[in-house]
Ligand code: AMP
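Shown here is one chain on its own, the form predicted alone, set out as structure tokens.
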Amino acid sequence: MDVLIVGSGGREYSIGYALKRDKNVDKIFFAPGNGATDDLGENIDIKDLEKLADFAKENSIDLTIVGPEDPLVNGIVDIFQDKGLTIFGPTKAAAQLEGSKVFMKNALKKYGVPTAKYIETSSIDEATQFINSMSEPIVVKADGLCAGKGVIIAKTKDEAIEASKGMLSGESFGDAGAKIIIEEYLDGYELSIFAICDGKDYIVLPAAQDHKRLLDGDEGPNTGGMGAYAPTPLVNDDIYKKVEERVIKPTLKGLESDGIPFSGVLFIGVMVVNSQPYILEYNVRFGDPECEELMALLDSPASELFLKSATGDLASANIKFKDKYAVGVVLASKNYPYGSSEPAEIIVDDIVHEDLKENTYIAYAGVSKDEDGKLLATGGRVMVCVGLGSSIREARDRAYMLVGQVHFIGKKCRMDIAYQALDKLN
């Protein structure tokens, strides 16, 4: 089959990397892809969603996989389905779970899914009154998409009120902050659980843990993610069962009963408080960098996972994962996340150890090629170095060995990815 992958980051590269090793896949297209995805397939520069669907139709694309949230929220799935094309991801209506935090929180409440106490409001007076009734810290969220930056954890009530004013005035996030969510802060440990859904059935993938902060020890500003690992020992069978029974099943049943069945990736941001899962948020696509580890752990054809979901046939799927761990370390550019960085040539040393060759890979993200074909780091999160192992420690060590093989000016990364799991094991 021929596959089209929509997106340009490490998440999309890792999906392409998995499909490249799938004997069911003939050709891979990326729209738009990045400077390294053309090593896996063909990059195409079509931004208009209608024109992209026409391309898929004209080129007999058998399956389209959507990576990022923006095209999903903008209705790419509806556009492709209207043209009779098979596409992996939720419809525009179902993508509101990520596109609108107000929609998502109200859905959690309606379907009886455990979440933090909250209000939705567009009134600073109402926001102030609610904030003054709460204990600190306090979480303030813009309603719309803000590229992962629309959540403020305010340490004081005054800070929460100022954050609310900034959002509601449009100063902070424009129209995305026309409505806001104010909610209680949950104190526990955070997990990423992904369920692949087809409207009725679902498959739960190994739980992952992301590392959002820029610096070791979870210090510094929030980022898009500086590394992740999966599966995490912080999730036991009891937590998985509670998430399935209290979260996934009522959500899928509720959405279906509301006439918006959910297909694609349900990304569940979980906070575990005293062994009880509370839902922080839903996203409607794979996390990045969690996807890079999950694709490395997949032990059945990647095409089956995506195609069975897109065609409503997960009940017949036979999805397997390796009995291993994966750790991914993000290499970021010099000025990330504060600003842009000068392009820098990337040099990857030849890997001579078979052990490292067989148990690591690089998922490229913020890269381009110059006119001579040299790979350049072009800013942001440049790549994810992924290591596999029979233990978290072995996978972590291999990932960092691979990090040592990569060189570019300004390279930076965290050196403590998976520390919470390793601390637990110690």
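Just so we're clear, the structure is a prediction, and the values are computed from it rather than from any experiment. In this text, residue numbers run from 1 along the sequence as written.
Beyond what is shown, the protein has a form predicted together with ligand AMP; the following relates to that form.
Though the partner is left out of this view, Ile153 does reach within 4.5 Å of ligand AMP in the predicted bound form, counting heavy atoms only.
Contact check for Glu304: no non-hydrogen atom falls within 4.5 Å of ligand AMP in the predicted bound form. Mapping the unseen interface onto this chain, Lys212 counts among the residues with a heavy atom inside 4.5 Å of ligand AMP in the predicted bound form.
Taking non-hydrogen atoms only, Leu280 approaches ligand AMP to within 4.5 angstroms in the predicted bound form.
Just one listed stretch, out of 237-245, 329-337, 180-188, 84-92, contacts ligand AMP in the predicted bound form at the 4.5 Å heavy atom level, and that stretch is 180-188. The partner is absent here, but in the predicted bound form a heavy atom of Ala116, alone among Ala176, Leu252, Leu298, Ala116, sits within 4.5 Å of ligand AMP. For the residues Ala107, Ile161, Val73, Met271, the 4.5 Å heavy atom test against ligand AMP in the predicted bound form is passed only by Met271. Scanning 127-142 for heavy atoms within 4.5 Å of ligand AMP in the predicted bound form gives Val139, Lys141 in sequence order.
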